[in-house]
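The chain below stands alone and is given as C-alpha cells, in the form predicted on its own.
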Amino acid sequence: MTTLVKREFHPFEAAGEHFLYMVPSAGVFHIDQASRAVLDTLEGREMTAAELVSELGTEVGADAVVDAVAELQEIRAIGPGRMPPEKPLPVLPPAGFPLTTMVLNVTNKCNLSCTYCYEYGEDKIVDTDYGSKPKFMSEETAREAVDFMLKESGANRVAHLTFFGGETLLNFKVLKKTLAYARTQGALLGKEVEFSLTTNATLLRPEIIEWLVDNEVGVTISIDGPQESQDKFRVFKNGMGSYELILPKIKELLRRHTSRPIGARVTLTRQNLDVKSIFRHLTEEMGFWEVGFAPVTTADGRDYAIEGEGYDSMLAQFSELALEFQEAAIENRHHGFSNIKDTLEEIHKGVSKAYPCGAGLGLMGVATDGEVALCHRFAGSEDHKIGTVRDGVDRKLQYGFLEKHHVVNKTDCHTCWARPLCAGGCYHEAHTRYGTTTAPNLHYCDWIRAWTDTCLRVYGEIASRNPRYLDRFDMENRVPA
C-alpha cells in the first residue's frame, strides 16, 4: 500500500486556530483537529492511510481521519513517500509579456549628497558615478520612452509611468511635457496612463505642487524621519541638513494633494533604526498616509550598514507595527505601515514568485540616454541594460536574464519555505553585496523568514476576525510609486 509523508509547508497559529502556508503553491489553509493530529503523527514517519486510521481513530474518529487524509492530500500537505519534494519548475514568461510599469530616470543629478546613496560600484563618487551618461533626459528621449512604454504595454488598458532620479524635480520642464505627451498618446491608443514620482521634497515649489495636484500624480517622498534622523545622512553638498527646508513644503503638499495618498519611503541605517518613532513622526505629526521602510543597500563593512542586532531590532519594531496594523484592520481603521500591507496583499492573492520582483519583465528602468535597464536602480549601468527606447528590448538579453535568475536556479532557496514571497531577494541588493545579481540575499534569510511568519499570523488573525477587510486586496490596485 502507498505510504504517506509530510510535504512542504509552514505551520502557523492565529486567532487560536491552526493554519498551513503551502510551499510552493502559496495557499493558506485552516486545518482542524483531525488534520493537525495526522500531521503530528506523520512527523518523521512514513505511514499508510490505514495505519493513520488505526492509530488515530479512537482519539479523533475514523471518519474524521479519513477525511483529513483526503483533504491534506488534496492541498499537497502530505503525499506518497516515494515522491521527491516538489520544486518550482523553470517556466519562463510567455513571449511578449506586457510592460506594466516604466520608471523614467529623468536625471541622474541630485541636489542632496546622501552618504548611503546606492550606485553600481562600492564607492560613491558624487556627480561622476554615471560616467558619460547625460545629466538630464532630453524631451526627445522622454517622448521616445513614452512611445516605447505604450508599445511594450501590449493589450494592457493602463500603463504606469514613474518619474525618478537623481532628484526628479530637477528636470521639471521635461516632466511637464512628458506627462502631457503620454496622456495624449495614450488616449489615441485607447490607453490610460497613471503617473507617479519620487522626490526628496527640496524643490516642491507652489507651482510644482499645483501641477502634481492638477494632474493627480502619485507622490512618494524620500525622507528618513524627524530632524535628527533626516539630517544624519540626507544632507546638501555643504553638509547642511535638509529637514527644516522640506518640512513646510511637505506640509503644503499634504494639505493640497488629496486625490491620491502621499507616501514616505524611509532608508534605515545602523544609526537610524528607531522605526516606531520614525513611523509615528511621519504619520501622526507630518500626516503621511503610509510609510514604507527599507534597510540601506550597501556592501559589508560600511559604518551605516545594518548588521546582527540591528536586524533583530528592526524585526522587533516591524512586528510591533504589524500588530498595530492587525488591530486597526480588525476594527476597519486605517494604519499606514505599508510593509505589512504589501505582504498581506501578496499572501491573500496567493503569490508564488519565480522572480523576486518585476525587474526586466513587467517593470523596466530607462536611463537619461534612453537605454533600458532591468529596473530604475540599474538605469545607467552598462552591465544591466536590455535594450533602448529607440530599438526596443533585446529579447535574447531579456530572456537570458530571466532564465538565469529563475528561483529554480538558486540552490540556496530550494529548501526555504518562504521562497514563494522572496525568490531570493532584490537583484540590486545582491549585486551590491555579492557582486552578482544571481546570488540570493543570504544575509537576509533569517530576517525574511521571521518577518514572513509574522505577516502570515497577522493574515490569519484578520481572516478569522474580520475577513471582509481582505476584500480590498481583490480589487484592482494602483502601482505604488
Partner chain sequence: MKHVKAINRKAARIEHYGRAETNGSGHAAPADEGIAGGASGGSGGGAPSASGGPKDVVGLESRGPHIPLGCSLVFSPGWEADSSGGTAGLCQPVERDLFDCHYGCFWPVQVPDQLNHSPDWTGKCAAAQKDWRKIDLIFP
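Residue numbers count along the first chain shown, from 1. Please read these numbers as outputs of a predicted model, since none were measured by experiment.
Here the subject shifts to the form predicted in complex with its partner chain, a form of this protein not shown in this document.
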query	finding
F29 within 4.5 Å of its partner chain in the predicted complex, heavy atoms	yes
Any non-hydrogen atom of F19 within 4.5 angstroms of its partner chain in the predicted complex	yes
Its partner chain contact at A68 in the predicted complex, heavy atom, 4.5 Å	yes
Non-hydrogen atom contact L421 with its partner chain in the predicted complex at 4.5 angstroms	no
Answer option from R255, K404, R157, R82, heavy atom within 4.5 Å of its partner chain in the predicted complex	R82
The single option of S319, S352, T297, N339 touching its partner chain in the predicted complex, heavy atom within 4.5 Å	S352
Its partner chain in the predicted complex: contacting segment from 74 to 82, 319 to 327, 259 to 267, 200 to 208, heavy atom within 4.5 Å	74 to 82
Site test, Y116, A367 and T388 vs its partner chain in the predicted complex, non-hydrogen atom cutoff 4.5 Å	no
Residues of 447 to 462 having any heavy atom within 4.5 Å of its partner chain in the predicted complex, listed in sequence order	Y459
